[in-house]
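Read the single chain below, which is given as structure tokens and is the form predicted on its own.
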Amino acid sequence: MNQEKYINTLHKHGKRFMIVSSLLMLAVPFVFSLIHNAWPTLELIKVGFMTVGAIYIPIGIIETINYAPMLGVGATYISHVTGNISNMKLPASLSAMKQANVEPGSDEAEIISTLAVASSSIVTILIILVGVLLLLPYLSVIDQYLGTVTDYLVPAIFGALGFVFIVRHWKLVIIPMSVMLALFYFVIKDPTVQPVFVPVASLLSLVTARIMYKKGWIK
């Protein structure tokens, strides 16, 4: 009964935490727009949603379904606000549970996972804060010599993350990647529309993985 009460309390405060965090995130662009009187047009919102929303909404749903059972309730709320789940929060949670010799999903794992993800989030924020403060005096120099490099920052990050998964499961990548590359190169050349096909690529990956598994090509 105590554990059930604890989980219900986590959900209660977790929902409030998510709502407040979302409002704070939205407050930043709102305040900038209010101060500079520079409001985004409907066309810009549409392009932004198609570029970002089409990617992260499916990813958010998939990550919640996949990671929540491993992370637990408290860690799920924290990690979905702070981000970097697959490459930071989940490994921290699993490592802490392994060190404590507890099984994911147990009552002990719930507490340990929450503490691990919270600690990881705090450490990450502190490191970023120190890095930003140290780089502030050199912003003009960085912009002068590395300004053009920032255009490749996002592709570099996602390329590096993608490479890790491609190396681990290269057989699963062959068909979806070939189909998407051919589609974008010969048919859909508009970069603002291409992100919409991320769910299509995900579905194609699931179907081909299922077929390859039944054929015995993957385990």
Partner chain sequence: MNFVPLYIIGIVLIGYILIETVFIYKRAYKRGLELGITKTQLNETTRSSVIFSIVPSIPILIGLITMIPLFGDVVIPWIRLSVIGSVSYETYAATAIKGAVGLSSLTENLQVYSTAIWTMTISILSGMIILIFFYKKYTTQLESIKKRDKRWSELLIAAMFMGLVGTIGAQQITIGGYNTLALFISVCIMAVIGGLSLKFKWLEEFALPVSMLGTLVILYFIIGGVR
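This one's a predicted model, so the numbers in the text were calculated from it and none came from an experiment. Residue numbers count along the first chain shown, from 1. Note that the rigid core is defined as the largest set of C-alphas that superpose within 1.5 Å between two forms.
Omitted here: the form predicted in complex with the partner chain. The next part is about that form.
- In the model of the complex, at least one heavy atom of I65 sits within 4.5 Å of a heavy atom of the partner chain.
- In the model of the complex, none of the heavy atoms of V187 sits within 4.5 Å of a heavy atom of the partner chain.
- By the criterion of a heavy atom within 4.5 Å, K215 is excluded from the residues contacting the partner chain in the model of the complex.
- Although the partner chain is not shown here, in the model of the complex the stretch 122-145 places heavy atoms of I122, V123, T124, I125, L126, I127, I128, L129, G131, V132, L135, L136, L139, I142, D143, Q144, Y145 within 4.5 Å of it, in sequence order.
- Superposed on the core, the two forms barely differ at A38: its CA moves less than 2 Å between this form and the one not shown.
- Once the rigid core is overlaid between this form and the one not shown, I7 does not reach a Cα shift of 2 Å, moving by less than that.
- Core-superposed comparison between this form and the one not shown: the C-alpha position of S202 differs by no less than 2 Å.
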